[in-house]
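Okay, here we've got a single chain as structure tokens, the form predicted alone, with questions on binding and movement later.
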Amino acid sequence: MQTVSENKCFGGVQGVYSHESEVCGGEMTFGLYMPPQASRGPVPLLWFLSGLTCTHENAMTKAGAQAYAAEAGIALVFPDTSPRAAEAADDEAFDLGKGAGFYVNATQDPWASHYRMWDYVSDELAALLFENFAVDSDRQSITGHSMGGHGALTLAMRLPGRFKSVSAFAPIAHPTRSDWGRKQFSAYLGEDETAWREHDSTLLMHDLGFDGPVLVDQGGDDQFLDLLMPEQLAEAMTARRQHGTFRMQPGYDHSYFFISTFMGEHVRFHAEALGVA
């Protein structure tokens, strides 16, 4: 692992690090904020998974999460959204290939050799963090935006016991029925739609639910509402009587202005579940 940069931030350290990823077949970069409390021992960890076209840098610099994390004593990790190796397959479209890993393990050529973002987030990067930084593997929560909200919800529901809480900003909520999902799942996972089901948070909410609290914020003026299909997730949460909250926020769009407005509430939501509120 190499240190790309480290900057003092709200009494802690905002770092950027790179490492060779076995599962993604090349160098990967991630951001990690360590709050000042980490100097005294392991702290809880909040994952932030980003959306289409993003890298580790977008949420790290735009979401405004570090101030709230420093107050609560929570570490923040910002993974990349796809493999970045020169030889990794790519596509001219913004919503397929680099920047659009969709947090799945691809099974189809030419994607399968590098696009294993599920294993990268759930196993490889997690192990690297616990080995090298003062973060507590028993106290993790997860959040994300858009494609990353999809990833956060599916990881939380399919890995019971891993995360104390899950939240999402404008998640791609029903990808098996949306153009943001069907296109990518066809490419990465093949045409057998039964393989897609385990990556659809609406279907997983019906089938599994989450063993902790859920918070979802959706902008009422989001320009991608028809692709996100938030009403499907809200209905599934209601049908399951899931412990959670779904909020439509009038006037807000899909941007980081929306995320930064409610970021403090999300960090405090996770802090309570992690026992540091």
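Since we're looking at a predicted model, the values are computed, not measured. Sequential numbering from 1, following the sequence displayed.
Here the subject shifts to the form predicted together with a further copy of the same chain, a form of this protein not shown in this document.
This chain is drawn without a further copy of the same chain; in the predicted bound form, the residue among Phe224, Phe210, Phe246, Tyr68 with a heavy atom within 4.5 Å of it is Tyr68.
Checking Met60, Val216, Cys54, Val43 for any heavy atom within 4.5 Å of a further copy of the same chain in the predicted bound form turns up a single hit: Met60.
Only one segment in the set 22-30, 232-240, 246-254, 43-51 has residues whose heavy atoms sit within 4.5 Å of a further copy of the same chain in the predicted bound form; it is 246-254. Contact annotation for Ser260: at least one heavy atom lies within 4.5 Å of a further copy of the same chain in the predicted bound form. When contacts are judged by a 4.5 Å heavy atom cut-off, Asn7 counts as touching a further copy of the same chain in the predicted bound form.
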